[in-house]
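Here's a solo chain for you in structure tokens, the form predicted on its own.
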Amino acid sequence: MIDFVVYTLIFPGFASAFFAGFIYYGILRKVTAHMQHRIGPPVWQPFLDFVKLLAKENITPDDSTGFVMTLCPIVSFASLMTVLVFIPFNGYALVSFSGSILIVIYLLVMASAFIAIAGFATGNPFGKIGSVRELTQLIAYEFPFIVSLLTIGFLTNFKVSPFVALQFPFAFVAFVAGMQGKFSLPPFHIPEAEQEIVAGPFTEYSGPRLAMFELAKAASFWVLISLGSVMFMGASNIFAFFINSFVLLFAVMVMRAVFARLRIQQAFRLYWFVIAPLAIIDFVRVLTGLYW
């Protein structure tokens, strides 16, 4: 019972998703700023933004569906938190069975899909355009992302378990590229292109609703980086887990600092005609046993 409480509420549960997720995001912003010769915000700025938003008012536009606007960030966050019960930390997972990776894939899709639903619920034209872009990008990155997870899944009986995927570099590249798309970070921050559509699906969000989306974003950093650290980099203890996590975080930083935003057509072509074929190569290698 104590293990259950610690796992769900402290590590790697809610407290870790809250604190580590915001710290990851703060480090990302700070280091990226230095890469671009800027000072950048302090590492703890995401915490301050979250607390400030909680103290503000929820604004519900006349043309919106208020209940759906409230529901979407909650479901998105809950989906991400549920993924944590399947990821083994230090050799222990709260839930572990053959086929659990399929549930993880479903929950990660749910988290992204409700961001798109949120934009439609606002009734704002910028929100609707951002949601269309979110769905289009979702279709683009999910295929190679899912193929990369299934590639490792075939070797782990479709269970989320530590695995070193050095012999499957293309699957790893597809996972990282898909992760960048799920984060909506450069070059795939197309749904939230502030120069064109203000904040995309989040345009009409404010107060605690927006705070919940910020919390969901922080949780996505913790969940996806943890998943990659375990499934592709073989983290079987706490020390290896955090080393691998910071390596993945650094890869995300580099892509965010180096690449400019792509157009939605360019992102789709990149995912389906470059990254997806690379992921399929490793997938076929697993099916045919052509790996060492």
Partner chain sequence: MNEFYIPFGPQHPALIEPVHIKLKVDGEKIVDSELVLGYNHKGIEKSFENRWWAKGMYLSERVCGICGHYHTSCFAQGVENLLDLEIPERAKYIRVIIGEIERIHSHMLALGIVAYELGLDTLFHYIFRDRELAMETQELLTGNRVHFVMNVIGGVRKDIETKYFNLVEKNMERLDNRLHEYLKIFKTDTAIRKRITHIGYLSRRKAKELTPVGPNIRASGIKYDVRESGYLVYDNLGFKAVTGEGGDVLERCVVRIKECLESVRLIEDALVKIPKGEISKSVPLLLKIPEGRETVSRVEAPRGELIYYLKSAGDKPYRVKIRTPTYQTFTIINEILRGYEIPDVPVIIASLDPCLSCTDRLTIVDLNTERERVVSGDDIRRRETL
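Positions refer to the first chain, counted from 1. Predicted, not measured: the structure shown is a model, and the values here were computed from it.
Form predicted together with the partner chain: not shown, discussed below.
In the predicted bound form, at least one heavy atom of Val198 sits within 4.5 Å of a heavy atom of the partner chain. Looking at Arg263, you'd find a heavy atom of it within 4.5 angstroms of the partner chain in the predicted bound form.
With a 4.5 Å cutoff on heavy atoms, Phe259 counts as touching the partner chain in the predicted bound form. Interface membership of Val247, defined by any non-hydrogen atom within 4.5 Å of the partner chain in the predicted bound form, is ruled out. Here the chain stands alone, but in the predicted bound form its contact with the partner chain, taken as any heavy atom within 4.5 Å, falls in 263 to 271 among 64 to 72, 263 to 271, 50 to 58, 228 to 236. For the options Lys217, Arg133, Lys182, Arg209, the one in contact with the partner chain in the predicted bound form, meaning a heavy atom within 4.5 Å, is Arg133.
Along 24 to 58, these residues reach a heavy atom to within 4.5 Å of the partner chain in the predicted bound form: Met35, Gln36, His37, Arg38.
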